[in-house]
Every structure is written in structure tokens, then in C-alpha cells.
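The form predicted alone is given below as one chain in C-alpha cells.
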């Protein structure tokens, strides 16, 4: 079956990937009292810790930095989880693959769904902070929707390409985790990209900056340059095409690598 047709058939089988993706998140907290609320609690603790560090160094600050953190960190976690979890998406589904004649991209979409469910849990923190500090949301916030679609396309392409490579090269997952740890420091996630740094190489040539920026700024009620939108879209389309190409190359032999 052609790779593109297999991907399309997998998208149509939405009941399978939606159920398994949500179950992946719920399964991590099965038999706990608070369940997925632990995601929100841990996120609150992390954001509050970064806010205290910033406050102790720079002095009293307003709610802008807290809102900045509350959307930047979930956006970063979404992108990072696409890359890290994507390498293991087929490995985690080995039992399903060997037992049921299903299109293999279903299990890639399963990972994407689980990442998105986690992300929406983390957005609860931003909503709470926005309510507490009476942060207004205007029609400009609707740009968050196309931004999420662009990042989801990036995530699907990344998971699609990395899934087969992750089966073949088992060192890929820890290697990507190491790179993600470095990029977390270099990307304006917990530090604000002031005008003096906007032209620096770590911002201008950082693809993660553009993906986070299109999601962050609409909720912060800031305007985004069309160049940022175009760059983010090109990154997502390029990642999807590359992921589909890699999947097509690895698909015939991936079952033997499992």
C-alpha cells in the first residue's frame, strides 16, 4: 500500500487512535486519586518555581512573566513530546502491530493524540492564571487555533519519520532527549526574547522559536510578524514531507526491526 494512502486510511480510523491515545494518558495515572490532575499540579509547581527565581533575581514583577511561562512551557512540552515520544511510538505498539492487521500510522497518530491531551491539561494552568490576573482574551486569541494546527502537522510529520528510525536505531530516543534538554535552554521558553536578542543566531535560526511564538503571542495579545507565521508553516510542511518520505523508506522493513 502506498505510504500516503496508508496515512490517509489511518486518519479515517479515528475511533482507534482517539481511544488508544486518550487511554495512554489515563493509563499513566490509573489507580491514583487525582489522576491526570497531577499533570496540572506538577506544571503549577514548575512554573511557580521559575517565577520565584525570576522574582528573586530581577525583583518584583507583574503578571506578564507568569502568563509568559504559563503558555511557553506547555507549548515547549508539546513540541518536545512529539520528538521524544515519536521515536518510541511503534515500539510501544509492538503488541498491536503483531496482533492486528491495522495501518501502522494509526499508532503514530496515537502518540500525537496523547501529546495533545497532555497539552490541553497543561493549558488549564494558563487559564487559571489568566482568570486570577484578569487577563483579557480578544479575537486575536483565535489565531491560537491555526497555530495549534500548524504545530500538530509538525508533530505528526516528526512522529511519522522518527517512529521507524527509532525502531531501527535504539539510541535515537536518548540522543533526542539530550538535544531537547540543550534546546530548552537555548530557546526562549523561560527567558523573554528581548529586542537585543531577536537578531541573534540562537533565536533567528532556532525552529522551535517560531513554532512556540505563533502559539504564545495570540494568547498574550501580541502581534506576530507575517515572516514568523510563514517560517513556522514552512517548518511544519517541510517536517511533514520529510517524515512521510522517511516513513515510506522504513515501512517495508520496520516489522523485522521490531
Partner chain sequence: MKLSLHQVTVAYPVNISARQQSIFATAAKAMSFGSFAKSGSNQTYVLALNQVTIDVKEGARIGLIGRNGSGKSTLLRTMAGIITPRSGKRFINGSVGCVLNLGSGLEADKSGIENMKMIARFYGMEGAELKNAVEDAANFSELGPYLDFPVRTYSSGMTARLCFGIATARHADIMLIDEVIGTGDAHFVAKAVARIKDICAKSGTVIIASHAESVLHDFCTQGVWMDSGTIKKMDELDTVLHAYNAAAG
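Small disclaimer: the values here were computed from a predicted structure and weren't measured. Residue numbers count along the first chain shown, from 1.
There is also a form predicted together with its partner chain; it is not shown, and the following applies to it.
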item: Its partner chain in the predicted bound form reached by all of 46, 184 and 202, non-hydrogen atom within 4.5 Å; value: no
item: Its partner chain: the contacting residue among 16, 25, 235, 246 in the predicted bound form [heavy atom, 4.5 Å]; value: 16
item: Heavy atom of residue 138 within 4.5 Å of its partner chain in the predicted bound form; value: no
item: Heavy atom of residue 71 within 4.5 Å of its partner chain in the predicted bound form; value: no
item: Its partner chain contact at residue 99 in the predicted bound form, heavy atom, 4.5 Å; value: yes
item: Contact test in the predicted bound form: residue 8 vs its partner chain, heavy atoms, 4.5 Å; value: no
item: Candidate stretches 163-171, 124-132, 141-149, 111-119, one within 4.5 Å of its partner chain in the predicted bound form by heavy atom; value: 163-171
item: Contacts with its partner chain in the predicted bound form - residues in 225-258 whose heavy atoms fall within 4.5 Å; value: 251, 252, 253, 255, 256, 257
